[in-house]
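This document opens with one chain alone, in structure tokens, the form predicted on its own.
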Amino acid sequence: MAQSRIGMAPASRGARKGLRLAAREERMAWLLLLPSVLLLLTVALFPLGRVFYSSFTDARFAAAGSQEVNFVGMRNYRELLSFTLRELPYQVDADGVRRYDHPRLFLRRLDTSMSYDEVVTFDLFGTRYVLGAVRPEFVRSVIDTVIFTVVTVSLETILGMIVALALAAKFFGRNAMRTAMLVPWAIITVVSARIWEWMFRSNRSGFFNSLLDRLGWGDGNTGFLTEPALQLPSIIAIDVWKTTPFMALLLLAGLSVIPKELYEAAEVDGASPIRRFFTITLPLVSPTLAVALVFRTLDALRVFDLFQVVFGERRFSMASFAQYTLVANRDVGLSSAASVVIFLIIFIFAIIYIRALKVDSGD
């Protein structure tokens, strides 16, 4: 028993010494982090707090004189987020054809305290519905931004992986191809948007209309950027052209650290290229792929310049709607509320995304 106490004493002293050392290192880490935390509180949290406060007021931008700012509670949020989904009434004419009410006029006749306008009308299981909102342009901006994000990130990931796999192979001129690949990404967004705006012109002076006309596949007057059904696919094409090199570059970095011996061993075992991709390449490049997806998704949700340059005030992303409300309408309160909603959407999206992809697991 005495021997046991004698044997445990040095171990306990060692454990206590280790705990003291760990506590001292933790205090030192907090001291080193303190300047960064103070800087973050100053440049990030304070402006964010001001935006939260402004979202509950009726503040106006560049108001003359001493404008009184009033606290309006949740009014700005109710204006942004109030919407209704109604079945559109109809009458059957003498030929048995349904004649639906005009969606906008139907919504204006509703006996509610809110004034709704049409967001979208759609058919489901033989019934026509209309989605109305107090601020239909904001609801459309959220829908457009989410569709834009999902489609562009999916296409950029697939195309980026194909480009990265091609450039990872050894061939003559590989370095030149890697440099050329980065050209679209290096062009600033305003310039690339203007270039594509010219290419998508709705007459024969535009590249695509001229090309389709020569091939006999169109009349040369397709409104790629003016017809609502073609606007979103067109702007998605611009972003995919511009940002695919960024995804390819990130994935190429992930591919470069995979040991070549694994491929050689799999090739000796008779594994096909497709099987090598799914059993070696994809699992080992998945951490890089997860980080690239998070970066691109959050960046796409914040898209502003592309929508602003190409569409102006004709169609909004979430960010360009907030900017339009602030600058054109001078409504600081409503713009701040829109910014808070956008912040919460991106924050929730980021948390779900990071957890699903296990970016923070440290594996």
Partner chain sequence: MTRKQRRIIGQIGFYLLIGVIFVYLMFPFYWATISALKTENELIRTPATYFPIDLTLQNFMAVLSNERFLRGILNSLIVASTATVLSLLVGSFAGFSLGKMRFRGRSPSLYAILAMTMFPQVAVLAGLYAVIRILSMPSLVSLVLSYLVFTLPFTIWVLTAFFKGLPSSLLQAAQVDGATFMQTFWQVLLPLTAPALVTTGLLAFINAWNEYLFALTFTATDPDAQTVPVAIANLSGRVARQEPVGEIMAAALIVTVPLVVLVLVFQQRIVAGLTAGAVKG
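The shown structure was predicted, so the numbers you read here are calculated from the model rather than taken from an experiment. Each form is matched to the other, and the largest set of C-alpha atoms that superpose within 1.5 Å is called the rigid core. Positions refer to the first chain, counted from 1.
Form predicted in complex with its partner chain: not shown, discussed below.
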* **4.5 angstroms heavy atom contact with its partner chain in the predicted complex for E68** => no
* Quick one: does Y53 come within 4.5 Å of its partner chain in the predicted complex, counting heavy atoms only? -> no
* Answer yes if any heavy atom of R204 is within 4.5 Å of a heavy atom of its partner chain in the predicted complex; otherwise answer no. => yes
* Asked: According to a 4.5 angstroms non-hydrogen atom cut-off, is G132 in contact with its partner chain in the predicted complex?
  -> no
* **its partner chain in the predicted complex: contacting segment from 122-130, 89-97, 171-179, 276-284, heavy atom within 4.5 Å** => 171-179
* Pick from V139, M199, L255, V72: which has a non-hydrogen atom within 4.5 Å of its partner chain in the predicted complex? -> M199
* Structure fact -> Restricting to 246-274, the residues within 4.5 Å of its partner chain in the predicted complex through any heavy atom are F246, L249, L250, A253
* **Core-superposed C-alpha of L41 shifting 2 Å or more between the shown form and the other one** => yes
